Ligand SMILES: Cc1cc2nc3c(=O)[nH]c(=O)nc-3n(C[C@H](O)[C@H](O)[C@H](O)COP(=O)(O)OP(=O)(O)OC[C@H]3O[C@@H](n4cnc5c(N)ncnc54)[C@H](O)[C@@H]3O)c2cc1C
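Presented below, as structure tokens, is a lone chain in the form predicted alone.
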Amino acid sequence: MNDSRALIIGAGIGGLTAALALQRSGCRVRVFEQAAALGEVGAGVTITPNACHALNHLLGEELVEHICHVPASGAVKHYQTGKTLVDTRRGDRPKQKYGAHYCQAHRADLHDALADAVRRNDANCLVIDRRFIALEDSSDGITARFADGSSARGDYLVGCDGIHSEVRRALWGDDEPRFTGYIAWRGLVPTAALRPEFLVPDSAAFAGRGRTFTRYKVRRGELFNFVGFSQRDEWAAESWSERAHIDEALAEFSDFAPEVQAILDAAPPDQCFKWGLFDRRPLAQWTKGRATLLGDAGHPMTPFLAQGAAMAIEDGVVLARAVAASADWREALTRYEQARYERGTFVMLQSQVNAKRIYARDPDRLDRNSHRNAEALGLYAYNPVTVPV
């Protein structure tokens, strides 16, 4: 399988991770992205130790440490008083315990690093402005068809095209994402615009009643990424995300601590985005014939365990290892799904459970015993580079 031809639909973090890992296994890869330009939204992404193992393997620890910020400390704080309720103990502790850092990055920085590495292996690998519309599976290969009338043929196809995946639709029919009842406001603030007392700890989550606000450093500490979550009965926008004015976030979190107010006040007024959070029911399987799903296309993650990017990164590395270990495409896709289905589905469902737990809790009674996160579920102990495939 080391000389197999892989078609990847979607050039997000999951698709690029899979492409790079497959290239390193000797495969011929082509990645098709529907956007007219390659890039990622300006927001933060958390890389927990389980995913950091994969990035260290693919990009090298030196580059990962350059693009990621390792928080010296973290905390869960009371939404009104700012009092620390739970010390989340970051720094070198995760690396000492799990062998890789807990870190955070500007999503665009990570995306650029992966894209650059893929292009260095094959300058023609990434194809933009190609919207996938259909696939044709046959005994001797699989064909992807695009809206512009073009097509591409390979030995197998991987749908990495997110929660609104057209590959998923082609395989399993219509199953529209469900609005979860949560929305998020996101943005970036220069750390230089904030008073020193608002810069510590490096990452913090403010626990409120039915609302939370999280902020952490990215781009070597130059920027604070913030995201505030609240609940709504419906999502009325045509798109799953839209640009919002910062005044909307200020009104939503007007009763939060002075630190939160300072971050929102410092945000560029027109650089705030609002997301509706959607999920799906689990699929019974991801693979059909020569096509399979990866990341949010197969197991869309709500952000309440901070594992969305991590699961897609894990998928990409395990897929490449399955291909390298197999005699043909059928064995490779079977190995991949058997290695990833249970974990991906578990984390997907637990993230939904954790959302209910977070928004039902009383911040006045929150402590280490009642705080649940991905580490408490044992997710950090997984290493996609060494796990059996």
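We number the residues from 1 along the sequence you see. Predicted, not measured: the structure shown is a model, and the values here were computed from it.
Another form, the form predicted in complex with this ligand, is not on view; read the next lines as being about it.
Of the residues Phe256, Tyr216, Phe198, Trp235, just one reaches this ligand in the predicted bound form with a heavy atom at 4.5 Å or closer; this is Tyr216.
Between the options Ala144, Leu114, Ala312, Ala205, the residue in contact with this ligand in the predicted bound form by a heavy atom within 4.5 angstroms is Ala312. In the predicted bound form, at least one heavy atom of Arg131 sits within 4.5 Å of a heavy atom of this ligand. Among heavy atoms of Met301, some come within 4.5 Å of this ligand in the predicted bound form. Using a 4.5 Å cutoff between non-hydrogen atoms, Gln34 counts as a contact of this ligand in the predicted bound form. Contact annotation for Val45: at least one heavy atom lies within 4.5 Å of this ligand in the predicted bound form.
Residues Cys160, Ala184 and Leu277 are all found to lie within 4.5 Å of this ligand in the predicted bound form, as judged by heavy atom distances.
Only one of 91 to 99, 245 to 253, 69 to 77, 288 to 296 lies within 4.5 Å of this ligand in the predicted bound form by heavy atoms, and it is 288 to 296.
Scanning 217 to 235 for heavy atoms within 4.5 Å of this ligand in the predicted bound form gives Val227, Phe229 in sequence order.
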